[in-house]
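For reference, the chain that follows is the form predicted on its own, supplied as structure tokens.
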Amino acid sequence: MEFFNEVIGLFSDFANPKKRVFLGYLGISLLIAFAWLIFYHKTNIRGAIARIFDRKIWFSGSAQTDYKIFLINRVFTGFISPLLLTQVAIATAIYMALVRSDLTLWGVYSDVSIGVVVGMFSVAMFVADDFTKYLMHRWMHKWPILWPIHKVHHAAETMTPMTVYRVHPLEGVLYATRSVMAQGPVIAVFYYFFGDSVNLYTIVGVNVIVFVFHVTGSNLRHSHVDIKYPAWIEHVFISPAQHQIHHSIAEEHYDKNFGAALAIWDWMFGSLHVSEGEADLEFGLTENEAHPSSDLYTAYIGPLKEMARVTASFWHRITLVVRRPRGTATARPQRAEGSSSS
């Protein structure tokens, strides 16, 4: 019985409204996809069904690897989660530091309307979480030490909602730590200034803004249904089609659309690409990456080997600089021809 419960637990995300693949969100995404294909693309019902449930996508080698990585990572998470920092630990530490500081602002805004406080807190949590997701995602592409683990996700050549789970365990740990470091300080600061009136506007226990993100088709970001928004909206919110552009191997799409829910970060930092006119995108990695989409060994062990090579190369260059006699010139490093991240 205990073993059976553990097996059921592997699939608990499908019953958890806090997770993107909650069955309710998946069902709504399915309806949105049908509506998009029928009313925007003028596809008949039979064609829409064939497009959405295309066996070449759902049962491709790449998709099957997504499913396997999902299960393996769920087992890994069960072991590693108790060892990670939590929001409560970070929030408590910062809150106690504020209380013990020379500041005399504890509870200074405790008389503010509870509705206002809760609204501000919900927005602050969402913005802090979304902005740090953008930064982490951008660093994953830009930093040579992080790209090897992130390209496990980008190796997907076909995308389904399960592709969101196609991540190396190290990336999962980094994103979990990011979440704690982003949300913990917000909780502490709001409790310090506003007292115990702090809470989230929630629907079924989920931040209402995150809830809206999920019920408006977040699962379609990793799919073959290219739902676009008007260009002005895509400067504020990332559409499913924009995230598909992020996965494209076309050179003009490299390092574009890092945002999770908000596109304003991409707009501010020059990485925005709106989805007008895009079609028939090819997903995966460029040829020079040489990373197969359906090989589990490469997905889990390959990034560790590549990170070790990057680290060794870095220390080798540092050693050369330290040991170089004074007055010796060094050649400017040349970028490898054809190298870029996707």
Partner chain sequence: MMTRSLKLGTSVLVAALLSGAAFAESYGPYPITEKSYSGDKTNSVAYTGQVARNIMIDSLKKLAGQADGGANAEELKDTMMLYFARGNKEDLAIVSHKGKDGFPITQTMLNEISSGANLVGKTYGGLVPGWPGNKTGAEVVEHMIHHAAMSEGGVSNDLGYDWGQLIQKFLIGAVSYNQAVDNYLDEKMTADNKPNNKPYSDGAAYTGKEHSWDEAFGYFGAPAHALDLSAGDAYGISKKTAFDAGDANGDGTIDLKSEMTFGNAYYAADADKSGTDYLQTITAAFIEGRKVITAADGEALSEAELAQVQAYAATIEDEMTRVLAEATFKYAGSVYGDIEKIRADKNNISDELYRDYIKHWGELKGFAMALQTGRENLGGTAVRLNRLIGYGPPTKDESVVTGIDADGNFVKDGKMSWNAYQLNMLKVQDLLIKEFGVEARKNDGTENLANLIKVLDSDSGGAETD
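Numbering follows the first chain given and starts at 1. Note that the coordinates shown come from a computational prediction; the quantities given were computed from them, not determined experimentally.
What comes next is about the form predicted together with the partner chain, which does not appear here.
> For the spot marked by D54, K68 and E276, is every residue within 4.5 Å of the partner chain in the model of the complex through some heavy atom?
Contact check failed for every one of D54, K68 and E276.
> Quick one: from V117, I264, V164, I245, grab the residue that has a heavy atom within 4.5 Å of the partner chain in the model of the complex.
It is V164 that has a heavy atom within 4.5 Å of the partner.
> What is the one choice in I145, I72, M96, V236 with a heavy atom within 4.5 Å of the partner chain in the model of the complex?
By the 4.5 Å heavy-atom cutoff, the listed residue in contact is M96.
> Quick one: does F269 come within 4.5 Å of the partner chain in the model of the complex, counting heavy atoms only?
Close contact is absent here: in the model of the complex, F269 is far from the partner chain, nothing within 4.5 Å, heavy atoms only.
> Is W106 close to the partner chain in the model of the complex, meaning a heavy atom pair under 4.5 Å apart or at it?
Answer yes; at least one heavy atom of W106 falls within 4.5 Å of the partner chain in the model of the complex.
> Does V210 reach the partner chain in the model of the complex, with heavy atoms at most 4.5 Å apart?
Answer yes; at least one heavy atom of V210 falls within 4.5 Å of the partner chain in the model of the complex.
> Although the partner chain is absent from this view, report whether K228 comes within 4.5 Å of it in the model of the complex, heavy atoms only.
Heavy-atom contact with the partner chain at 4.5 Å: absent for K228.
> Only counting heavy atoms and a 4.5 Å limit, does any residue of 153 to 179 reach the partner chain in the model of the complex, and if so which ones?
Sequence-ordered list: H153, V164, V167, E171, G172, Y175, A176, R178, S179.
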